[in-house]
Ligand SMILES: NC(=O)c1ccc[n+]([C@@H]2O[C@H](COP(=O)([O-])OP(=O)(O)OC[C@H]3O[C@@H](n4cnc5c(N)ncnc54)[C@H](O)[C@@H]3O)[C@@H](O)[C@H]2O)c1
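One chain comes next, on its own, written out as structure tokens in the form predicted alone.
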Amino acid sequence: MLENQLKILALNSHIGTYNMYKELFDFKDKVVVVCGAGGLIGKELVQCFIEYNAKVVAIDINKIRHENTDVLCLQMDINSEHSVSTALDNIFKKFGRIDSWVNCAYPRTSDWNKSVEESGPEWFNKNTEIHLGGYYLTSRAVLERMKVQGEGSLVNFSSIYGVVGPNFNIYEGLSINNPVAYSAIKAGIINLSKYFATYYGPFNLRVNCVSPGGVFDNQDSVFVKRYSALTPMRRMAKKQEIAGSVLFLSSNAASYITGQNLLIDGGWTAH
């Protein structure tokens, strides 16, 4: 009889372990904010966190709506302290906290797609200000709020081009380009994230970064073919693959991960 009781205890122990690991990825009762929710990746992130039971706030510079009425949609400019503060006030008024924040906004000037020869200091400085500066302003404001509550996660979006230089052969003869400011901005976001990770770590806050490779979005077929040929996995990323990685870094499964830059690139930077 004692042997049977021990078997039952062992079985229950295993079941408890499995439930524990499932719970690491469960965002029930957690508030997750996606900043830049109107873009390709932003929309996917919103859907991803909804499926994992989060209370989702979708933020974008443009007015957006979501078919799920439980999603709180807010308009916010990441370059305006007043706009950021107002959005945070609204979130805390409704939910009382923020557990995870994701910065995937992609601000840029209307003349963004310039070559090195066409670009100048004014163009470079403006784009750096609104993109890297916007991530700084938003991250700092969010982390200061999280510091008070004593826990939280923030994930910033960088890029493989924040780590390595572009391969310009894939753009030759196409309207697609990779502006020089992009690499500088994305490299800055990686180290900005590391700085905040070390500064806010003692307050039990985690700050990480993701650097996706090219994500398929119905680009020119010539570009897709060239890009894929240079990637060990021989294809571009799927938007779901980016969202899944952000979900992991935002979850309790990554509770001891901070200050890291996760490359999601199919092996592009392994060359």
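The numbering used is simple: start at 1 and walk along the sequence shown. Please read all numbers here as calculations on a predicted model, not as lab measurements.
Another form exists, predicted together with the named molecule; not displayed. Remarks below refer to it.
- This chain lacks the partner; the member of 155, 98, 181, 76 within 4.5 angstroms of the named molecule in the predicted complex by a non-hydrogen atom is 76.
- Contact annotation: residue 104 falls within 4.5 Å of the named molecule in the predicted complex, judged by heavy atom distances.
- Of the heavy atoms in residue 194, none are within 4.5 Å of the named molecule in the predicted complex.
- In the predicted complex, no heavy atom of residue 139 sits within 4.5 Å of the named molecule.
- Contact check for residue 147: no non-hydrogen atom falls within 4.5 Å of the named molecule in the predicted complex.
- Partner proximity in the predicted complex, defined as non-hydrogen atoms within 4.5 angstroms of the named molecule, places exactly one of 30 to 38, 46 to 54, 199 to 207, 65 to 73 at the interface: 30 to 38.
- Using a 4.5 Å cut-off on any heavy atom, the residues of 42 to 65 that reach the named molecule in the predicted complex are, in sequence order, 42, 60, 61, 62.
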